[in-house]
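Have a look below at one chain only, the form predicted alone, in structure tokens format.
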Amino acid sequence: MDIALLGGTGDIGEGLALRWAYHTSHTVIVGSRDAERADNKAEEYATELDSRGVDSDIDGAENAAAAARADVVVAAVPAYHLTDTVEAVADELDDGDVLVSPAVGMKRDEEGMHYNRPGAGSVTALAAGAAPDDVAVVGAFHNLAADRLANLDADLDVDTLIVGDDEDAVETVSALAEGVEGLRAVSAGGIANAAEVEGLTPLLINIAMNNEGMHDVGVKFH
């Protein structure tokens, strides 16, 4: 499968790119608004994997070109860039493609991080509103610690909650998630439930900020 990571030069994009290239045989396309930056990051990731004896399949491209090549497109951008990013690549998304949103809207004050719920109800709902009607949208990977994800020496042993209204798309993204060693996909229902999933992220950040040794805290459901 071909996976495009729009904003794949950022923290969560780096972690997903490295893990998919390390644990699976999928082609990973690192996207950026700047094609040269995408190429440089793809080369950086490939060098890291080569040092571990992995012959990876990672390319870099401008976001729209990356989306045009992919079956699954991950909008690995901050929530405030999400709508613009999806709209910028909308013409390159085809019927049957899956758009994945890991973004969470947050705001910070002296007490910590708080979920900033958009008017659409959730950031995943924002992505669904910006995507073409024939492209399924799935929310996933919201609650993963980016540093832990990008550290290939770290065991994950965490869950990622998946939300989506298209059953086939949810199955596709769940399979991609579980292709990463130590990552389990757990269905949390439809996009109407996305706010509850996204709201876990600021909670986890607050736990990490207030407890020594819990910098890369994640969730595991039993």
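In this text, all values refer to a predicted model and were calculated from it rather than measured experimentally. Residue numbers run from 1 along the displayed sequence.
Just so you know, the form predicted together with another copy of the chain exists too; it's not on screen, but the next bit is about it.
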> Is Ser187 a contact residue for another copy of the chain in the predicted bound form, using a 4.5 Å heavy atom cut-off?
Replying inline: yes
> Just to confirm, Val180 within 4.5 Å of another copy of the chain in the predicted bound form by heavy atoms?
Replying inline: no
> Should Gly112 be counted as a contact of another copy of the chain in the predicted bound form, where contact means heavy atoms within 4.5 Å?
Replying inline: yes
>> Within 4.5 Å, heavy atoms only: does Val219 come near another copy of the chain in the predicted bound form?
In response: yes
> Which one of Val197, Ala38, Ala67, Leu176 is close to another copy of the chain in the predicted bound form, taking close to mean a heavy atom within 4.5 Å?
Replying inline: Val197
>> Please tell me whether the candidate spot formed by Asp157, Asp165 and Leu204 is one where all three residues come within 4.5 Å of another copy of the chain in the predicted bound form (heavy atoms).
In response: yes
> With the partner removed from view, which of 134 to 142, 72 to 80, 96 to 104, 114 to 122 is the stretch that lies within 4.5 Å of another copy of the chain in the predicted bound form, judged by heavy atom distances?
Replying inline: 114 to 122
